[in-house]
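Presented as structure tokens, the chain that follows is alone, the form predicted on its own.
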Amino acid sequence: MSDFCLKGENVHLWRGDHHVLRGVRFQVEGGECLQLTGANGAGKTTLLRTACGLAYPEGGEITWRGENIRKDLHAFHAQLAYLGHEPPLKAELTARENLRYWIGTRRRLQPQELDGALERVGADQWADRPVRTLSAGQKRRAALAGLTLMRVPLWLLDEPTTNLDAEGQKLVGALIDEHLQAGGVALAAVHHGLAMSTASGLKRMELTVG
């Protein structure tokens, strides 16, 4: 049985006088994806940033595998991949070069793994073009390839389907399905439901923030 579990308990966070997160509670375990929904400004991104340790709650706590994430942030960060609104890509490098260095700072990356990941997301045909020449959707696909290459149990995703066409949105759902089937955990802020498989039997939860 997997011990992967991300849990928020009575989380409170303010931005100046604005009480953004009000006693938020959630729990998502191995094989589960928690979709965060809510209006713009409801606090979805804030909760994601709090869950990965980039924002500090004034009350409550976030735990991973039963331990407060702040007990050892370095060890916690080694087990997660965070994909925000803007793909973490350098404009002057190619998509392939970006992934080689991005993932290479985390683990040893074999050339065939990189090739396979680029092909999986449909990026192999333009992987050697500078990122500055790519469309927003192509950049998103390159970032998704990096996400799969991280080989970590926890995915934190902020609007992962942004700038993607219908085929790309299905790809995101399929990648999350595969991650969950391998026992991984996903927490995703979304405006619309993710195109995940309904036949997988995997638990899918929704939480409205705000």
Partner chain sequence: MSALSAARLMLARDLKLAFRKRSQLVQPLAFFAIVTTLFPLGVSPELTRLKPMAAGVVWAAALLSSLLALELLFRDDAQDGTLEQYALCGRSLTWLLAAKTAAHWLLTGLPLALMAPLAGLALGAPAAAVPGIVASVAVGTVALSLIGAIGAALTLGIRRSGALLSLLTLPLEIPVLIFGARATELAIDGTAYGAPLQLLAALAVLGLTLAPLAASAAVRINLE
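Numbering follows the first chain given and starts at 1. Only a predicted model underlies this, so the values are computations on that prediction, with no experimental measurement involved.
The same protein also has a form predicted together with its partner chain, omitted here; what follows describes it.
Although the partner is absent from the chain shown here, none of R120, K170 and L187 has a heavy atom within 4.5 Å of its partner chain in the model of the complex. Among residues of the shown chain, R15 is one whose heavy atoms approach its partner chain to within 4.5 Å in the model of the complex. Mapping the unseen interface onto this chain, C52 counts among the residues with a heavy atom inside 4.5 Å of its partner chain in the model of the complex. In the model of the complex, its partner chain sits within 4.5 Å of a heavy atom of T105. Within this chain, M150 lines the site of its partner chain in the model of the complex, having a heavy atom no more than 4.5 Å away.
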